[in-house]
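First structure 1, then structure 2: two forms of the same chain, each alone, as structure tokens.
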Structure 1
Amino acid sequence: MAWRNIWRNKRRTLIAAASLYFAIVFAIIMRSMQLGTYDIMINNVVESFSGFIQIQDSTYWLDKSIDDMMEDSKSIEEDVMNVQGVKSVLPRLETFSLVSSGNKTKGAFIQGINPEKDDAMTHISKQLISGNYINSKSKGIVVTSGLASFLGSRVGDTLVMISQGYHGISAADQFPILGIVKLPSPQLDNRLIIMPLELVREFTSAQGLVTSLTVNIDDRANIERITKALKSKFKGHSLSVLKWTEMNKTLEQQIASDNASGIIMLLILYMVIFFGILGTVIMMTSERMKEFGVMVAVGMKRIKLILLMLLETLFIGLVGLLSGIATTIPIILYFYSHPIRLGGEMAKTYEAYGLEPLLGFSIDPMILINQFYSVLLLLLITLIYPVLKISKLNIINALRS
């Protein structure tokens, strides 16, 4: 009966369903684009560089001094690997250096890594634009394209590097460029040099030492649990366990600020949806007061009448919601595989913050589920009006209306 009733006035039903349809399409696409763009930001800056979790000497993060390093202990690595959700442990030695080629000099960030293990997480070898990737025994370096362009260097050229070694030892040497990579993050692409871990140790006279152990995890959703387990495991040691949000507060704040504005936009959209649905429900109720009076007069219980209105509203809502979800799924799947690359001033703005100018899309099913239940909740709230009207229905007045 409820299904037949909503099609008695097809125009009203289609208008109400269409308003929900466009609202859910807009809400899902907007939220998917927001979360997908955040994922790109995090992957570019965190997954391909610092990792989601790092273990460091407790004094290192304050000054990031090369003198505050920790031992590259196999027992610590084994303890970390025993935590559920940890895929690998990547020892790293990071420092700063002046890099010179010809008459050009620039400050660069040096990252000493285990090339084979690190590449399984960062996939930097796939971003080579010329030359070859390094291995553990290489005596050369990989330079990012932005830095190479500034120095006017190519594969085969030699860079002179001057830095401070462990405990004030002077560090100076020259290294051939074996490969050039193009990183998605402009901030990293303009200043990063990647070297084999043992080569950086020789350069800085820091044998057997690392600045951090980067923990590669299976799922970002498990970061809190894994961090808590690692902190418990190393309690009492002179070690710190840091999440990416503690190491990159700027990116976290950018995401939190943008996310808050996105939620405000959704709330405004939901308010528009709510009043649109409420107007439809009020019309449906007011136009049918005589009908309700007749139905109650012939013996229909009010609770069944309320249930009938509930089903009618839900049917209209489901028509709009399900058709909207069916429309958005292929759209977000396409843009998930083909992110939108920005251009012009918008791209320059992104790059000024050290971010790749891409708008990505997320395929997290919770986006669809959250929007579905949010709108469904609004539908249920609008039913307060017909419930009150039917519960206080005066049969005589209704029949005269």
Structure 2
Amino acid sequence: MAWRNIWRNKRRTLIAAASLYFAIVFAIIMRSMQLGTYDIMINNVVESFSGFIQIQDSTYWLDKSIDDMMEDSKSIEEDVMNVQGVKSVLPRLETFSLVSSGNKTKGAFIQGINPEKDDAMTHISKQLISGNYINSKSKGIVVTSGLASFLGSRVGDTLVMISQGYHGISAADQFPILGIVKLPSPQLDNRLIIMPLELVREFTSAQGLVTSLTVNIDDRANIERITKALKSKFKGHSLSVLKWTEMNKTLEQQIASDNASGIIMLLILYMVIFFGILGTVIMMTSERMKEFGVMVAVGMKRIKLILLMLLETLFIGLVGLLSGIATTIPIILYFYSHPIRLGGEMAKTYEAYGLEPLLGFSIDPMILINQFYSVLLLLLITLIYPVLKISKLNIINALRS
């Protein structure tokens, strides 16, 4: 009966379902694009660079001084590896240096890593555009393409580096460029030099020390639990456990503010959906008060009438909702594997913020599930009107209407 009732006024039902359909399609695509783009940002900056969690000497983060390093201890690494969800522990020694080639000089960020272990997380070797990637025993460096281009250097050239070593020792040396990588984040691509950990230790006279242990985790969703476990494990040690959101507040705030504007857009869309469906539900109720009166008069319980209205509203809602979800799935799947590369001014704006000008799409099923439940909730809220009308229904007045 509910199904037949919704087709009593085909045009109205189709308009209501269509408005819901378009709102859902727009909402899912918009949300998928937002979250996908955040994923790209996080992937470019966090996963490829800082990692999601770092363990540092408790004094290091404040000044990032090379004098505040921690020991590269096997027992700490083992303790970290014992936490569920930790995939690997990457010892790193990071510092700054003046880099010079010919008459060009620039400040660069030096990252001393275990190339084999690190690459399993960052996959930076896949960004190689020239030369070869380094290994633990290499005596040369990998330079990012922006920096190489600024210095006018190529693979095989030598860069002179001057920096401050451990406890005031001056660090100066020259290193051959073994490879050039192009990183998606313009901010990193303009200033990063990657070196084997032992080579940086020699350069800075910091044997057996690291600035951080970067923790590679299995799933970003577990970050809170793993951080908590690590903090409790190293309580009492002079170590800090930092999440990426603490280390890269700018990116976190950028994402948070963009996310907030996205949620406002979603709320506006939900309002449109809500009032569209509410209008239909009000009409469906008001024009049938006499019929409701007859049904109750002949012995139908009011609760059954309310269930009938619930079914009718759900049918209309689900027609729009499910067709909207079905339409968006192939769209977001396509754009997930073919992200949109921005051009022109938009691209420049992204790059100015140090971000890759790429609009990605997320295929997180929670996007669809959240939309489904949100719209379902809105549909249930619209039912307040018929519930009130039916529960207060005066049979005599309804029959006279």
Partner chain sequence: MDKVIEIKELYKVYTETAIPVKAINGINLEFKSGEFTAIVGPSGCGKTTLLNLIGGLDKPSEGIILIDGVDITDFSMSKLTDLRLWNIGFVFQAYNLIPVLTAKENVEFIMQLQKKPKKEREERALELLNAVGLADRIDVRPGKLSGGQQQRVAVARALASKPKFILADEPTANLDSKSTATLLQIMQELNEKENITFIFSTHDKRVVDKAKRVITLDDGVVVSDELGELKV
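Superpose the two forms; the largest set of C-alphas matching within 1.5 Å is the rigid core. Owing to the predicted nature of the structure, the values given are computational and were not obtained by experimental measurement. Here, residue number means position along structure 1's sequence, counting from 1.
Chemist: Of these two forms of the chain, identify the one that is the form predicted alone.
Modeler: The form predicted alone is shown as structure 1.
Chemist: Taking the rigid core as the frame of reference, how far in Å is the Cα of Lys392 displaced between structure 1 and structure 2?
Modeler: Its alpha carbon moves by 2.5 Å.
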